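First come two forms of one protein chain, each written alone as structure tokens, so that there is a structure 1 and a structure 2.
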Structure 1
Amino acid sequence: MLAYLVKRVFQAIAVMFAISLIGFAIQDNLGDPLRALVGVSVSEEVRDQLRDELGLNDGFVTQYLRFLGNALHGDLGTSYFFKEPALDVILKKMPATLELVLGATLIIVGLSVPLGVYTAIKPKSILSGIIMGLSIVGISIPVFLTAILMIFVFAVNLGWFPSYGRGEVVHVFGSWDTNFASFDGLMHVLLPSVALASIMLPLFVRLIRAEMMEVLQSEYVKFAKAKGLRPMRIYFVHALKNTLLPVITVGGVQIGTMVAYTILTETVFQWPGMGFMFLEAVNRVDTPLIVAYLIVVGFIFVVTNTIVDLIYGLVNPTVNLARMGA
């Protein structure tokens, strides 16, 4: 296990290293830092001098090592537009995105388990047919279209919900303002969360259903039935427990995917999170911010995947460690 852990962490570091290299290559080729710093009205001599001072004339390796050293100290450059450290800008926007992910996760967990278990227990019932039919429709609707549809119906036509922004937020600490503490905030977070959940929910319903149906065929469930345990106890205590392992591992990986989908939901709802900021940064060619976003998102992906793999290795002793590189 220890060897597996070490290898897995080593792989994570190697991937982060590769991401930093890509980030540096982008920084090196995209935009002109001097122009962003002093504008166009400075003479060529002063520019050369500045370029020397900033180390822009150094070799690729020297510059990369400097970039890496700064990154390890949490310095990912200064945003051209905000005139603030890029990492600070992103960390300020991050709570808004994470709250959206949290809202969507609550909806997914709350709905997928009962729906998945029901369709597995009663595969032939009409309601199961409807749920499964809706799930394939749900998979086929792109997340931005769901978001637009909800704005059109619930915000424009019915006027029940606000159509953009975070509304009234309650300050918690640091740069974290929460949407979950006021009525107005909850109204604002509901539509984007549902839109974000809509793409993942069908996936999880189908996954739980498939795993559950497999488990229900197993010997120990038959034994529990023969022993006369109440069906509810068999389904929710014995069977569900063994269904959740693959669901948790898939779920962990999907957290990363959800960060990508937040870009779409944030764009539609003008939600002031990381994804919205990233697209603005792209339009402004704010290179340090683009690179910082790449590194932060890459970090989120690498960390969640590594943790998920480790949990998987930990809770499932039958996992073939050799295949996974131990």
Structure 2
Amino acid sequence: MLAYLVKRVFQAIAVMFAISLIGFAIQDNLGDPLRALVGVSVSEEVRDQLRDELGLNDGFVTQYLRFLGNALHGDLGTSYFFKEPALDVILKKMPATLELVLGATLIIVGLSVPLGVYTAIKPKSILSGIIMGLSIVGISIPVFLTAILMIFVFAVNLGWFPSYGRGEVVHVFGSWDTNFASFDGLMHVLLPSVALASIMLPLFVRLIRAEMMEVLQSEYVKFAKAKGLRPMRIYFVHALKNTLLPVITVGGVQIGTMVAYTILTETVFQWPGMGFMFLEAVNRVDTPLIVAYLIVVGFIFVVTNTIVDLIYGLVNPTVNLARMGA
């Protein structure tokens, strides 16, 4: 297990190196950062002087090595717009995004398991047909359209929920302010969380259903039924446990994907998180902030996938044995 963990760490370092290289390489195609900094009325002499001061006239290799050396010390550059370290700006926006992802994850887990199990147990029932039909609709509709529709129905027409912002938040520690400690905060986070969950919820319902239907045909489930075990114990203990491995595999990747999908959700709901900050950085050609965002999101993907691989061993110990044998 230790050897596998060391191997995964080295793989994570290699992936992060590739992400940093790609992220840094695309910044030249994002536009001229000096336009956002000084406008168009500044003379060429001043522009050249600023380019020298910012190191923009250096070669690509020189700029990247300088960036990589600074990144190893936790310095991902200074935001042109905020005039402060890009990593600090992202860390201030991160709690809002992580709470949005947490809210969506709770909705996905809370609904996908019972719905997936029910549609597998009673695949021919009317309710199962409705659930599977809605799942197709959910997969087909883009998240921004779902978000706009929810705002129109529940915020504008019915007036049940606020349509934008985080509302009242409660300070926890550092730069972390939470929505989950006040009623107003919960009301603000609910709609964007549901909109974000609408991307993955149909996928998980269909995945759990497919895996569950396959497991229900296995011999050990038939043996459990023959022993007279309660149906709920068979479904939720014996059968569901053996459907979790592929669900965890997909879930680990999709949770990281939701961090990226928050760009659209946060834009529609004006949610002050990393995704909304990223779009503003693109509009301002704030290249240090853009590159820092890509690296941080890539790091979240790498960490999430590593944790998922380690959880495999808790769900199915034979996975560790196979890896150690390899």
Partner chain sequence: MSSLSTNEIPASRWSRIWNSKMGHSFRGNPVAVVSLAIFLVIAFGAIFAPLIAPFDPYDPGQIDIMNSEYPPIWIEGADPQFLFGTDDQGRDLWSTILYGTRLSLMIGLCAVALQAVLGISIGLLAGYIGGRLDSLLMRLADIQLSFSTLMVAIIFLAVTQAMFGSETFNQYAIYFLIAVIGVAEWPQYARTVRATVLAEKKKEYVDSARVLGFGPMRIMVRHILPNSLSPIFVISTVQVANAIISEASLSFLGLGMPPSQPSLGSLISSGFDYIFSGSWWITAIPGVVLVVLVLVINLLGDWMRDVLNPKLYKG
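Residues are numbered by position in structure 1's sequence, first residue being 1. All of these numbers come straight from a predicted model, not from anything done at the bench. Definition used throughout: the rigid core is the maximal C-alpha set that superposes within 1.5 Å between two forms.
Here the form predicted on its own appears as structure 2, and structure 1 shows the other form of the same chain.
Residue 276: CA moves less than 2 Å between structures 1 and 2 after rigid-core fitting. Look at residue 64: with the core superposed, its C-alpha moves 2.4 Å between structures 1 and 2.
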